[in-house]
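The chain below stands alone and is given in structure tokens; this is the form predicted on its own.
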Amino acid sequence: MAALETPQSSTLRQAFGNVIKYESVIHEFDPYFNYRVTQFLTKNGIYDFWNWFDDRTWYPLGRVIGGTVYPGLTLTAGTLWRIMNSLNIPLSVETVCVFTAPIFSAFASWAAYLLTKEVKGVGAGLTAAALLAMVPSYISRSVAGSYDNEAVAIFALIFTFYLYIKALNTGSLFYATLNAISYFYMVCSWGGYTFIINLIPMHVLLCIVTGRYSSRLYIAYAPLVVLGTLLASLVPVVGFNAVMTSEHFASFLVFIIIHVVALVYYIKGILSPQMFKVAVTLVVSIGLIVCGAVLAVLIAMVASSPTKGWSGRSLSLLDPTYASKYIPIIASVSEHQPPTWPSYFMDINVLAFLVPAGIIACFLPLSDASSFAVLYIVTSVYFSGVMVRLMLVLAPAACIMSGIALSEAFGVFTRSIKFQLPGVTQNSPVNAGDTGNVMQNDVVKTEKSEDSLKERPSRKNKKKEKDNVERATVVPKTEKRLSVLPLEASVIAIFLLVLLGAFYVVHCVWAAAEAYSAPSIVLTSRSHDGLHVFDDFREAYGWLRHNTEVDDKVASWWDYGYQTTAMANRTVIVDNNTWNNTHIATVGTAMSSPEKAAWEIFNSLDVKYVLVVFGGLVGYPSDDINKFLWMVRIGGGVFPHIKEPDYLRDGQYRIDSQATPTMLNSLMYKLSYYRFVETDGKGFDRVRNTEIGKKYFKLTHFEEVFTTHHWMVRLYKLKPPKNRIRGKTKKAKSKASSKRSGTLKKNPWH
């Protein structure tokens, strides 16, 4: 345990280092919504939380918060806050939210130790826990201020897997019940719970197909499906989806199969071989009929759905091209893009090279627990290759496999050194035999436990098995010596492994300090004249909060909706929930339209201010100009008059003099580059590395009201409609009456 203190303490320093460097602030965009919901929960109570209708989001539609959020994170932080206050520790809600993720990262390391211990022993468990405590992929979601669902969900994921393996190894109904409760907590915390309810049935089916069925397997799986599904349906955001969507059908199908197999094994124990064949034929026939009926019902239930009961994100995992073809709102999120090869080295570093060795070690010998670990790593590698966000699911699996590989390697090398030490040479055969027989004893004990659970042995059989175990412990001296590596090779190998671990620690500390600790709302950059801090986001939200009316509506791209509502306390049109594609397409259409048409759309939505993020002056790449094509695609998916080729010149996205007139006249272009030429006289965009095409223009329907210090956030106000002049109105009416009626006012939505 002392060896684990150094990496964990360094990781804790990195987890809390961002608080010391940047102050206690919440990171990213989604955590601000979670923080706002937690504030409401602690102030108004649980019942008001379930019934909360938020009229400050998705105007004019609103949103039922209690029925559309995963409440696990909010309820966890709210409970921690109440416990602290009951102990007379007066912490603010924000402080509790900031430090929830680091607290649960420690719990996740503990859960990783328990899970790996069940698979390969204590040594592998300690190593896996130390690796998970430092892995950059998990640190990105567990640093102080990362108040997102994954902060508690990864712990719930690992702990659920541990309880499943524990129930599988012991056959205990107690652990099986705890497994269902842990799964319920996972359902409350994150939509990734579908990974659990599909991975465990896959493992159960694998055990059945490979002839490893036992009563322990039934006890571990059946309560999870029955009790876990009932509990999951209690979560409002899930509800009847727990039994109605295709993501859950695999668990029900395997549930039927395991009952058929259990019935076959039961009949086999009470019938003669001849009667057993007849009974098996009957049982299998009935089982096939039941399975066919269930499949027919399921097919009928999902046939009416265009996605056959699958959610858009699930289809994106099964078919990586689905989102880009049919749901651009999902494809537009950077976390939903496939990762690059360097991102694997960045997020899991040397673990990528240790995972294959861990997989091989799991086959020596193969048990129910080790086969689950192999299945876990294989599926997580696939899903992480589809979506960069799911690197977070790969990280625990990679740490478990790497911990097994390092533990086995250290065991072999240290045993070889111990066998060849001069002072231990005489006793080495006995010691080596004792050490070398641990694995064989485990194999025999595993086989013995499996056989004893399939059929109850008599005392005579137990005595025979004991004799077999004692005979198996006798290993020839020549075999012991063959399993020992040369002394020099063992010493060099241990030195290289220690060097590899040191490199991993250095990389993890650097990644935690430089890449994953900086909050996205406060940006920094280094140059020859020192460190520069960009606090433009909070500057803009503060201006909105102090200089606008409480009921004013703010339009922006959906990325900034949560922050605007939480920090500026103003009503937004769209936010990061992205539940209504048409509403988001409306905002995208307005941003893609000319100024007058955009004003008509925003005015119809009662918008007062428009917020635009622009990084051309300071070189901030995640600005709205770089996201603009997604606005065009999403808007064009609902409103056909918005066409992406109109914004491209020969298939290229340009903002210079070669840009298309549609691009130069779009509202996004004008709001981003209005007065930009005044900064340097040229209008040079540092993100796109080019001079803008349209430098001098005036706004007719919008007026600039605020631009932050570094021009990163720009706020515009819609001008009121011009007063109609009486003479011009009469003249216009006379002209209109002279023409044929039929020219209607243009609909701003089309």
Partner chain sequence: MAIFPNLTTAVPLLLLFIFSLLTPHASTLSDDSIVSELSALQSQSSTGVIHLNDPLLRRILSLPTPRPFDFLIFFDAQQLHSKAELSLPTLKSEFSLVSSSFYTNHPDEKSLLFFFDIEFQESQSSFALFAVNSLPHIRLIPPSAIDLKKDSIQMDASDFSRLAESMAEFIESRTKLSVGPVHRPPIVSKKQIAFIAVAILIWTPFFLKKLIAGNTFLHDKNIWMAGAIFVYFFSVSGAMFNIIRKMPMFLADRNDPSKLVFFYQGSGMQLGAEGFAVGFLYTIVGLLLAFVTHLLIRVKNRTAQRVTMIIVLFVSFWAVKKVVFLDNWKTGYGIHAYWPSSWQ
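Numbering follows the first chain given and starts at 1. If you're wondering where the values come from, they're calculated on a predicted model, not measured in any experiment. We call the rigid core the largest set of C-alpha positions that still match within 1.5 Å between the two forms.
Although not depicted, the form predicted in complex with the partner chain is the subject of the following passage.
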Looking at L531, V297, V506, V122, which is the one with a non-hydrogen atom within 4.5 Å of the partner chain in the predicted bound form? V506
As a check of understanding, the residue in V209, L282, I270, M275 with any heavy atom within 4.5 Å of the partner chain in the predicted bound form should be identified as V209
So in the predicted bound form, does any heavy atom of I196 sit within 4.5 Å of the partner chain? no
Contact with the partner chain in the predicted bound form for F413, defined as at least one heavy atom pair within 4.5 Å: yes or no? yes
Heavy atom to heavy atom, is W341 within 4.5 Å of the partner chain in the predicted bound form? yes
How about E408: is it within 4.5 Å of the partner chain in the predicted bound form, going by heavy atoms? yes
Would you check whether the partner chain, in the predicted bound form, lies within 4.5 angstroms of a non-hydrogen atom from each of L288, F345 and I492? yes
Any idea which of 102 to 110, 580 to 588, 359 to 367, 155 to 163 reaches within 4.5 Å of the partner chain in the predicted bound form, heavy atoms considered? 359 to 367
What residues, if any, in 375 to 397 have a non-hydrogen atom within 4.5 angstroms of the partner chain in the predicted bound form? V378, V381, Y382, G385, V386
Take the rigid core as the frame of reference and indicate whether the C-alpha of I289 shifts by 2 Å or more between the shown form and the other one. yes
